[in-house]
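This document opens with one chain alone, in structure tokens, the form predicted on its own.
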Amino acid sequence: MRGRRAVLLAALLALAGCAERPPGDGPVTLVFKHARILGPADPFPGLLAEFAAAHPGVRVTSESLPWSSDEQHQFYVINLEGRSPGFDVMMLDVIWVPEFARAGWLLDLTDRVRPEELAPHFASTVAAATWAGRVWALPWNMNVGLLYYRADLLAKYGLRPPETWEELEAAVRTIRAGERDPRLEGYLWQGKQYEGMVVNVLEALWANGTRLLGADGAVFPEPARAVEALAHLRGLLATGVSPRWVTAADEELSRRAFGDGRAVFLRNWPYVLDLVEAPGSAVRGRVGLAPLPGRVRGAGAGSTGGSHLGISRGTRHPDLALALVRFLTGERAQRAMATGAALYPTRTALYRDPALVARNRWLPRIHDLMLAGRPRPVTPSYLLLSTTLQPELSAVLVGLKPPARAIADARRRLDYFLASRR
């Protein structure tokens, strides 16, 4: 028995890197802040127990944050500005890395992380962890915007997954007319005034052949195309292709309605797939996924997202915190997260892993969609962009402001704010 325990401990040491005793005589507690983990099983307790076994005298306290990305950001800013945040490792939305790095809140990992450690991850996730030529975090999980559809309903009416806005709207009209079910909605997405709405608008901009920031930093460099994209989203609501309650919908509200069988199409992230295919799901075995449609075929692209793990610059245990980050972003931990949680890995090889593909046949497809995704603007001013845009975009969606006026007002405000930061 002792021999078997010794072998197990040696294996755990290898998995977590090198075993490291905490400094001083007393035990060390590392505090890890993260978003709530969704999925069929929570792998965290087992993973953290493995890390603790490989690092005697070290305990990891796992503390979850609110669901909303905006609330998570607010929590971090309030605590990190105080320089004694009370946590060591933090789960970061990819868009926060430049802002947090410039603010001096993150430990610079450039001289601690070798290039070969970053090579197994999607290149886009490594780029999102880098700012001003320095590495500030390690990639942990990845997201991309996807179109979910009721495969059974499309097949029933001889329809293919839509590749254009026009095809999606036509499919909604055909299926709803045939089903004659007043509870069946058409296309669900995230239109609540928060970051998720901005992501949906960015995807509409890309689908219409334009973007938020030009190469020279200009806001809405092609305003006419931006107006068209915003008018399209408003039109989905005005014509009933999307229900008006979409203007109050986040990821979970829209996901639950689709998962209950009350919609034909849904724009959301990959985590939804694990939930709609779970035992007891009303739509299990009846869902397909595709790229987001564009104004013309091939123009649609989903926004990439996901999370990195960063280390507070104020941590008293930088080496141990880095050991934890390395362990949680390593192959074994990412495999466990892909199996038990609704999180998709940043390590590209796992999308071709036979055991994982056997559990989730969509992995190779999602891998390709991840590669085809587009990032949100990588800038320390992203939060300023988002919070300035949100009320303008929301006013259009609820019908209080014409798209052209909202785009003009947003351009004027952002040009002023960004110029003052230069």
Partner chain sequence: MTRRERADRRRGLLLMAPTLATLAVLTVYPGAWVLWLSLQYRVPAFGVDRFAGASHYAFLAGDPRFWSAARTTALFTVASVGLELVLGVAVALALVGQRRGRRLAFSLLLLAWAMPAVVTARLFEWLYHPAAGLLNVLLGGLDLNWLGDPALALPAVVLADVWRTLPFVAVLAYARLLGIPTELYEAAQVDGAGRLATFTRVTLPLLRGVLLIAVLFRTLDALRAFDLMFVLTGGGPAGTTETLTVYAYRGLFQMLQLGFGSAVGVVVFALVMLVAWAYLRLLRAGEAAA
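So that the term is clear: the rigid core is the largest set of C-alpha atoms that superpose within 1.5 Å between two forms. Since this is a predicted model, take the numbers as computed values, not measurements. Residue numbers count along the first chain shown, from 1.
Unshown form predicted together with the partner chain; subsequent notes refer to it.
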query: Do P43 and the partner chain come within 4.5 Å of each other in the model of the complex, heavy atoms counted?
result: no
field: Touches the partner chain in the model of the complex: T239 (any heavy atom, 4.5 Å)
entry: no
Exercise: H73 in contact with the partner chain in the model of the complex, heavy atom 4.5 Å: yes
- request: Look up in the model of the complex whether P391 has a non-hydrogen atom within 4.5 angstroms of the partner chain, and give yes or no.
  value: yes
- line: The one residue among I78, A123, A278, V296 placing a heavy atom within 4.5 Å of the partner chain in the model of the complex is I78
task: Name the residue from V31, L384, L48, L363 that puts a heavy atom within 4.5 Å of the partner chain in the model of the complex.
output: L384
Whether E99, A248 and L400 all lie within 4.5 angstroms of the partner chain in the model of the complex by heavy atom: yes
- line: Which of 354 to 362, 52 to 60, 369 to 377, 65 to 73 lies within 4.5 Å of the partner chain in the model of the complex, heavy atoms considered? The stretch 65 to 73
Any residue of 244 to 278 that, in the model of the complex, places a heavy atom within 4.5 Å of the partner chain: R244, W245, T247, A248, L253, R256, R262
message: Is G209 displaced by at least 2 Å at its C-alpha between the shown form and the other one when the rigid core is overlaid?
response: no
message: After a rigid core superposition, would you say the CA of A263 moves by 2 angstroms or more between the shown form and the other one, or not?
response: no
field: CA of W105, rigid core aligned, shift of 2 Å or more between the shown form and the other one
entry: yes
